[in-house]
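What follows is one chain in structure tokens, specifically the form predicted alone.
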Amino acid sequence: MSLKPTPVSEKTAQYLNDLFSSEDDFLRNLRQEAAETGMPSISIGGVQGAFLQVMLRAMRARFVLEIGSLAGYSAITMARALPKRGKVVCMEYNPDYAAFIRRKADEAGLGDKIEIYVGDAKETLVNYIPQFGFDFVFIDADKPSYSEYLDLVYPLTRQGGIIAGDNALAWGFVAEDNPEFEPRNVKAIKDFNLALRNHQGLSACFVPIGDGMAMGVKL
């Protein structure tokens, strides 16, 4: 046991990736193909993917909501951990990215598990009435909207369900008062972290994996 976190060196990170990654050839090729089409080279990592899969399986999740899906890497990763009638609902702003996700989901044999809504997620969520409560919500979209997304998805999450925001370490600048890198986005993430921790309907924690995830279970 230790009261302080253990720093993860490049060598340790590689060790973890070698032993505990969910990434396979399909996902590796997906990342490469997405980069070749001009998409930003950003996604969760394989170690973070394995964590999400273990968590989803442990909580017997069936329904996942993802806000900001980009190339579908995390959506496919999570869909693989869901049961036969499970579903990942993706909300993606860019129609070209959404078309890419649809194609890769079909190639992965997961077309029936991945549903995509195209457009501004905030506008979609205002009128969105699913026939189920979400077991897990993964927020990984525009950072200034994180806190607003939290308010919008909370009513859609079942009791005992989890809401998580990615990049909660803000690329290593979350503890800086005057960050040199993307100060507007860093401030938005700090605001989200605080809102999640102080939310009266959530019990929150922080998982320092990848660029960090702030998470809260609905009480």
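The numbering used is simple: start at 1 and walk along the sequence shown. Keep in mind that this is a model prediction, so the values were computed, not measured.
The discussion below concerns the form predicted together with a small molecule, not included here.
Figure note: of the listed segments 63 to 71, 151 to 159, 174 to 182, 187 to 195, the one touching the small molecule in the predicted bound form, with heavy atoms no more than 4.5 Å away, is 63 to 71. The small molecule is not drawn, but in the predicted bound form it has a heavy atom within 4.5 Å of Tyr93.
In the predicted bound form, at least one heavy atom of Ile42 sits within 4.5 Å of the small molecule.
Among residues of the shown chain, Ala121 is one whose heavy atoms approach the small molecule to within 4.5 Å in the predicted bound form.
In the predicted bound form, the small molecule lies within 4.5 Å of some heavy atom of Ala141.
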